[in-house]
Structures are given as C-alpha cells and as structure tokens.
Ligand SMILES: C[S@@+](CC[C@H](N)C(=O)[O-])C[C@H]1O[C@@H](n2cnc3c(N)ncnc32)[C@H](O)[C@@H]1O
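Read the single chain below, which is given as structure tokens and is the form predicted on its own.
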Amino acid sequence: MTTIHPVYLVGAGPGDPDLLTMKAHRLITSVDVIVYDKLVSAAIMDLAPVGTTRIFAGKQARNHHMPQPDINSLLVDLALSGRKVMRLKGGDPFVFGRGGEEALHLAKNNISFEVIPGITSSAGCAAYAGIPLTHRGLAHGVRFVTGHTQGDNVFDIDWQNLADPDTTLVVYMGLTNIRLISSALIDAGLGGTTPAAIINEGTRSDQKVIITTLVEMPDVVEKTPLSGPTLLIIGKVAGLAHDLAWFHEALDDSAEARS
C-alpha cells in the first residue's frame, strides 16, 4: 500500500537563502519533489540535492506558466504517488501566495498538509531597504494590498480607506497598475509628495531601491525598466531609507533614476 505523505506548503521568503526558516531548509534537502514559483530565487533552489525533481509552476502577475487549478491537481497527484512533495512559494504561502486555495484543495481530496511560514516580502524587503513598516510618529499601522486582480478588470479597491497619511501601504505586484495606483491614491486625498519606495529584487545581491514620491512614482518606473519581483511601499516611513539603508549601496534618488 502506498504511503501518502503530507504536502508541505513552504514559504521561501523574499530571496536571500539565509532568511529561510530552519524547517524550510531541512525540508528542501529531504523532499522528493519541489513545485516552485518564479519568485523563488535560484540561490534557494540550489539548496535542493541533485536528484530532487523540480517542477516549475511559474506564476507572476498575468503570466501564469501553470494555471492554479492545474497546480492544485498536480499536488494531489504527486502526493498520491507516494512521494514527499514540497510546494515552495516566494514570501509566505498565506500572504498573497494562494496557499489557502491549495490547502483547501488538498483537504477536499483528503491529503494532509503542513504550512511552513516564510518571511513575507513586505517584511523582508522593507528591512533590507532600511524602511521600518511602522515607526512612532510616522506610521501607526500598515496595510497590505495586491496591485492586480484576476483577469484584466481594473481592480476595485476602497481608495479612500487606503489613503491614510498615518498608515504605511505595501503593494504587492503593483508595477502593471502603478499609474492607476498613484492617481487613485492622490484622488482619494493622499498627498502627491508622500514618500514612496520601489524595491526591486529585494534581499538579493542585485537589490535596487528607488526612493521617490507618490506622484513621481509611475514616471520613475517608466524610465527605469525593472524586471523581477518588485514591491511598492508608500508612506512617510519610506523617507527613512536614506538614513537607515544598511544592506548595500543600492539606494537611488528618483532624480538620479530619471537622468
């Protein structure tokens, strides 16, 4: 009789392999199959031993190598084959990682699973950029939103609620709609001079951090082509990056980025 092992839904963090949890690292070196996303860094995948089956599931905004229903079915099929399966996701599986959908599908098919949290991109990238998400006198809270929705419809968000000058706003996957995000927040009352950070390849050796303003943010991105995972942080705390940047000298002013 085939032994059915739990499927491990694992957060890989934002990219730096040193940010993996000990449990995630241990599992990477012991499972039979890793189903991984585009946002999982090559340095992390290199930790898997030779002989581990690697299945690329793709998945970034509006460019899905493997549709979510197919990923769900694949995890069930792999588990039923008796292999030890890891679903490895950038960041944390339960923060804009669709880990909940995969867990529900496994549960409906009577497949047990374990969730291993990862450092979500908002925390990891902000820390490596020198931006505290909350700071006394500048931000008493933080909000996490996704910058795109299913399909091509313009996403419906309560911009009035998000345009709070005393709250930090973190936007995942926001490049595609960055101009809409900027204009909608300004129209809702958030000042155009509000500091904004664009963090590309956060926590990785080629991390790039651009500090600009909410109103200038779309033009900066347009004139500074970016590829790879990019996070937007909007709020007063972004202005602290000039003094608190510690990771490496990758901090650019928007004026320099546009030159």
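Everything quoted here is computed from the prediction, not taken from an experiment. Counting begins at 1, following the sequence as shown.
Omitted from view is the form predicted in complex with this ligand, to which the following refers.
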property: Output flag, W159, S182 and I234 jointly within 4.5 Å of this ligand in the model of the complex, heavy atom basis; result: no
property: Residue contact check: Y128 to this ligand in the model of the complex, 4.5 Å heavy atom; result: no
property: Exercise: T212 in contact with this ligand in the model of the complex, heavy atom 4.5 Å; result: no
property: is_contact(T230, this ligand) in the model of the complex, heavy atom dist at most 4.5 Å; result: yes
property: Contact label in the model of the complex: V95 to this ligand, heavy atom within 4.5 Å; result: yes
property: Candidate stretches 28-36, 219-227, 48-56, 194-202 - the one whose heavy atoms come within 4.5 Å of this ligand in the model of the complex; result: 194-202
property: Contact residue in the model of the complex, from T120, N177, N72, T167 (heavy atom within 4.5 Å of this ligand); result: T120
property: Residues within stretch 12-33 having a non-hydrogen atom within 4.5 Å of this ligand in the model of the complex; result: P14
